[in-house]
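Just the one chain here, the form predicted on its own, laid out as structure tokens.
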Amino acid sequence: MALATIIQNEFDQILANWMRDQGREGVRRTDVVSARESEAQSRELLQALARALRDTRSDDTFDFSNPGWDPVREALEHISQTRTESGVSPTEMAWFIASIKQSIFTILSQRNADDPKLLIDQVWMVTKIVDQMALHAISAYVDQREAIIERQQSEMTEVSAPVVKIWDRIVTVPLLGTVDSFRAQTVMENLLQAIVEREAEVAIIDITGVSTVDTMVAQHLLKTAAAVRLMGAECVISGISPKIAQTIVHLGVDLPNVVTRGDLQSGLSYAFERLGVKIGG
């Protein structure tokens, strides 16, 4: 009996066996994926597999990249996304896919007991198919994790470099820790956007919390200051400690047309003077 026909005719039994085997193998994570959700995902994937086997050839010409396998790849990507967001590990994801083998093998051995050669051929074909499914699931898992990490990094950068309006027409962005290219670009974009939205005339970049200043950081500061000037505002860099000043001089980095101050208070005083703001005692 053809593999596609067996999967179609024995669908419910294969699904039941698969759900049982998931429990035995410890694949079913009821703490993060409910039993109902796990069954729904298993059914979705098995249905896609049955459809692909029906619409494509399961022989030596098997090619998982064939458009006929699109439903399986799409199901795997959907399940991978859901499980990744739920906290399932890549090992658990791989075992979830691989655990379908035993349930199919059991049915195949029952239906083709009188034809050992056909049984071996079908077992080998199922092995190749499921292995490809597992590899695709892991690839999708990695892509999903990278997307999540990138999104979290972006969100953390937004939080770690907030632009604060501290007075009318004055905004500041305090920097803490390490400033890399990605973060520097985010700081520049946020600062320029704040200048437009808040009609700021002075932007203070406070680097008191920056641990080290190297050539790259200095260049980022220069680029940001230049961009601020192009927006019609003045840039003040505060938090220039003696150590950072010595480092900048040692690196041979020039900060032309950039106002610098030793601390945020001095930077703010300069901004008040620049805008003609007087604070009563």
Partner chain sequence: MNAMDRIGASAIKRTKFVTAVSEIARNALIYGGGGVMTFHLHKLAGRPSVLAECVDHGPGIADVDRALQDGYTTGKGLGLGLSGARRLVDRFAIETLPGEGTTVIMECGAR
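All values reported here derive from a predicted model rather than from experimental measurement. Residue numbers count along the first chain shown, from 1.
Just so it is clear, the following notes concern the form predicted together with the partner chain, a form of the same protein that is not shown.
Residue contact check for residue 214: one or more of its heavy atoms lie within 4.5 Å of the partner chain in the predicted bound form.
Although the partner is absent here, residue 226 lies well away from the partner chain in the predicted bound form, with no heavy atom inside 4.5 Å. The closest heavy atom approach of residue 256 to the partner chain in the predicted bound form falls outside 4.5 Å. Shown alone here, residue 54 lies farther than 4.5 Å from the partner chain in the predicted bound form, counting heavy atoms only. Using a 4.5 angstroms heavy atom cutoff to the partner chain in the predicted bound form, none of 36, 82 and 86 count as contacting. The candidate stretches are 206-214, 94-102, 169-177, 113-121, and the one lying within 4.5 Å of the partner chain in the predicted bound form by heavy atoms is 206-214. Contacts with the partner chain in the predicted bound form, taken as any heavy atom within 4.5 Å, map to no residue of 170-184.
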